[in-house]
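The form predicted on its own is given below as one chain in structure tokens.
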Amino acid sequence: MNLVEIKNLGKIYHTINSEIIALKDISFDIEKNKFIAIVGPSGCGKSTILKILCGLEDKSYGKINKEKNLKFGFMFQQDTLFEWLTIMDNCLLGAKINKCLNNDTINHCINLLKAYGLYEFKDNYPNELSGGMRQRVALIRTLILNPDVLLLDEPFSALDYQNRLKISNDVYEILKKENKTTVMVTHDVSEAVSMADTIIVLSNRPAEIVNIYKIDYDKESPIKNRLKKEFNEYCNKIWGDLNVI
């Protein structure tokens, strides 16, 4: 079942003297409960796709067909936590802004904090948490609003390599448990292959789709997936598409 169908999506930025074509005829589907990763060169427009999907930017042309009343949740590169709010208050901030804070929301928040090892830190402040824990808080804050599609814009890029591996594992497990449809932008091909069901490879700007891969092997955790024979095979194909090898 497709939640979103994107047909010939394009984005053109206009300046006083010229125009910049960022996206050119991008077409793909977002299937329910699937994990899509978008990879491509720096500056090719990967994040622009996410922003258009959730309404932060307008498309220049093309069609986006969505299920009725579809809700998007957006998780940025930085955790964007407010340092003066407790972890609990940070998690509930979106619910307060959207005027849907009630006992059910608070209980949902408590259950998520308990499930993902953060409940004992609910009265702490963000500067008292590690980078990986802060990212889990940011994810819980997004999940509180129960989005149908979760958009992740390079969510692990601010972490060092070891923490990046660990938190990608944690986030993957959370998303699978919560049955969340996910679209993630990343520069890291290995990260994409270890986590995604489908990988969309973009070209340099103006970004066009070079290839779409259905990742077909028995998945475990992202860290364990990196040890599989198929992992290297997919990575090599995508690096070839990106002209890295």
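Don't overthink the numbering: it's just position in the shown sequence, from 1. No experiment lies behind these values; they were computed from the predicted model shown.
The discussion below concerns the form predicted in complex with adenosine-5'-diphosphate, not included here.
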Review point. Within a 4.5 Å heavy atom cut-off, is Glu178 in contact with adenosine-5'-diphosphate in the predicted complex?
Key: no
Check your understanding: Can you check whether Asn69 is within 4.5 Å of adenosine-5'-diphosphate in the predicted complex, heavy atom basis?
Key -> no
Point to revise | Proximity of Val189 to adenosine-5'-diphosphate in the predicted complex, heavy atoms at 4.5 Å | key: no
Check your understanding: Is there any non-hydrogen atom of Cys44 lying within 4.5 Å of adenosine-5'-diphosphate in the predicted complex?
Key -> yes
Check your understanding: If contact means any heavy atom within 4.5 Å, which of 210-218, 58-66, 34-42, 190-198 contacts adenosine-5'-diphosphate in the predicted complex?
Key -> 34-42
Point to revise | Partner contacts in the predicted complex for 1-32 (non-hydrogen atom within 4.5 angstroms of adenosine-5'-diphosphate) | key: Tyr13, Thr15, Ile20, Ala22
